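So this first bit is one chain, no partners, the form predicted alone, shown in structure tokens.
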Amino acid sequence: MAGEVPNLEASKLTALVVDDNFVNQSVHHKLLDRLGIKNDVVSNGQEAVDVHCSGRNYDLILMDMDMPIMNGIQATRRLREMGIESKIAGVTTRAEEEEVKEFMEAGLNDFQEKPLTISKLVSILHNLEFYVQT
């Protein structure tokens, strides 16, 4: 099985998981770890904005849509207004066409429905040109 999963540790990619659900935080964190991607976890969009205000930057942000304090759409829009160029992938259970459209227009680079799996995460990395199979 280990041969099927790319190891991106040498790429030194970093990611931020933004999700208010502990189970999702844990799953996304472990999936990224499994690929060798260093990652941090925050619980809402405001915390994602605050982390970036403190000077931290990430290559990839996995952004939930429905969160308290600041939702994923608001956070994505705010990060783009701040000039944050990280690739942002929306990851949510709510996939109604209008909501996905609004989320994408806020500044997403990609979108996947939950539950996030290793294959969906690798798909995000391919779509955002982070992972090129050698």
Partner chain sequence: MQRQVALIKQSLFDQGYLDEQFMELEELQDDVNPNFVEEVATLYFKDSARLINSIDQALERGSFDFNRLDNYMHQFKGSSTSIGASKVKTECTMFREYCRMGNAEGCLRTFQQVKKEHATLRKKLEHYFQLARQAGPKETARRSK
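Residue numbers count along the first chain shown, from 1. In this text the structure is predicted, and so the values were computed from the model without any measurement.
A second form of this protein, the form predicted together with the partner chain, is not displayed here; the remarks below concern that form.
Checking 88-96, 39-47, 104-112, 54-62 against the partner chain in the model of the complex, the stretch whose residues place heavy atoms within 4.5 Å of it is 88-96. When the partner chain is considered in the model of the complex, only one residue from Thr14, Asn21, Ser11, Ser123 comes within 4.5 Å through any heavy atom, namely Asn21. In the model of the complex, none of the heavy atoms of Glu81 sits within 4.5 Å of a heavy atom of the partner chain. Contact annotation for Ile73: none of its heavy atoms lies within 4.5 Å of the partner chain in the model of the complex.
Under a 4.5 angstroms non-hydrogen atom cutoff, the partner chain in the model of the complex lacks Val100 among its neighbouring residues. Residues of 44-68 that come within 4.5 Å of the partner chain in the model of the complex, judged by any heavy atom, reduce to Asp66 alone.
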